[in-house]
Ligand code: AKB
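Single chain ahead, by itself, as structure tokens, in the form predicted alone.
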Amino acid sequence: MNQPRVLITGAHGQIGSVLTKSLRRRYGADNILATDIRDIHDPEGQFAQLDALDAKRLLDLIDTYRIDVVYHLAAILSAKGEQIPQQAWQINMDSLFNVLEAAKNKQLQLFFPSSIAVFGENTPRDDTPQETIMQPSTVYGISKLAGENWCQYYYLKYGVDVRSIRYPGIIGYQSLPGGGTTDYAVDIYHKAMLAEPFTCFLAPDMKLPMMYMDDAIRATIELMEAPINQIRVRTAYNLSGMCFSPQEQAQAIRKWKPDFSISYAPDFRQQIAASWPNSIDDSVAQQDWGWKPEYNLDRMTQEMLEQLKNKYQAQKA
């Protein structure tokens, strides 16, 4: 079988940096073009600087590298988006239109990452169903919900094979957080490994859906590789891994770091998190393309601490 030729926007972001490495291992580095607005040296494979708002540059790269599949990860995230709402809307939406038009005109497969931010205060908070009330309260959530509907429109009207996941909070050791409301759940492990006290910007009992990076990457690739007749949802699939509060995460950390200290100082991100679900029903993803998470809180915590220990030791060497 011919390996797909892939272009990734936002390849230096939290998810993009890990997805790029995974796709290079899976399909071969020569078949993967990483792009980002930041021109950063990438010794592991092909890289091109790209502002996802530049439609001409995007099309030129698609033609030059004979691209079959686009993973569109470039976006302004939730917390940062609230500080620059109009700019966040422009970047998130205009970049999506660029890749949708490219996918339509070049007959590409497209991945669009959505988020639990599409839900809102009137959404059922426990076991949030696939089809439910969605009234997001952030510009990030509004843009993702609009994006889901545009993706479905391009599928129904033009036959674009666009697929999407509503990511929960993503936790990984590979990169630092990038401006999201769930960033605390990554930063907390860095502070624990450095034996530093941690101040959380959410309340201790603020439970949110979360997922370990390895599960998120695997889900993304499994969705994109699933036979087209198994994909029934063309807005975005609910996806779930685990659910926990900052307090529960701190308790899990203390199993390996008994002296870990945490305090709480909720800020504007607490209000954002309060509009999101406690837990997600992802039974449709399970039924359609066999999704199943592999990590729970304890397994993730142990691996995060081990990987960060190795990372910090390597930096000192």
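Keep in mind it's a predicted model, so treat the numbers as computed, not measured. When you see a residue number, it is the position in the sequence shown, counting from 1.
Separately, the form predicted in complex with the ligand exists; it is not shown, and the next lines address it.
Among 78, 143, 95, 235, the residue placing a heavy atom within 4.5 Å of the ligand in the predicted complex is 78. Listed residues 162, 99, 216, 116 were compared with the ligand in the predicted complex; 116 is the one with a heavy atom within 4.5 Å. Per the 4.5 Å heavy atom criterion, the ligand in the predicted complex is contacted by stretch 167 to 175, the sole one of 126 to 134, 189 to 197, 167 to 175, 217 to 225. Contact annotation: residue 180 falls within 4.5 Å of the ligand in the predicted complex, judged by heavy atom distances. Contacts of stretch 262 to 291 with the ligand in the predicted complex, defined by any heavy atom lying within 4.5 Å, are made by 276 alone.
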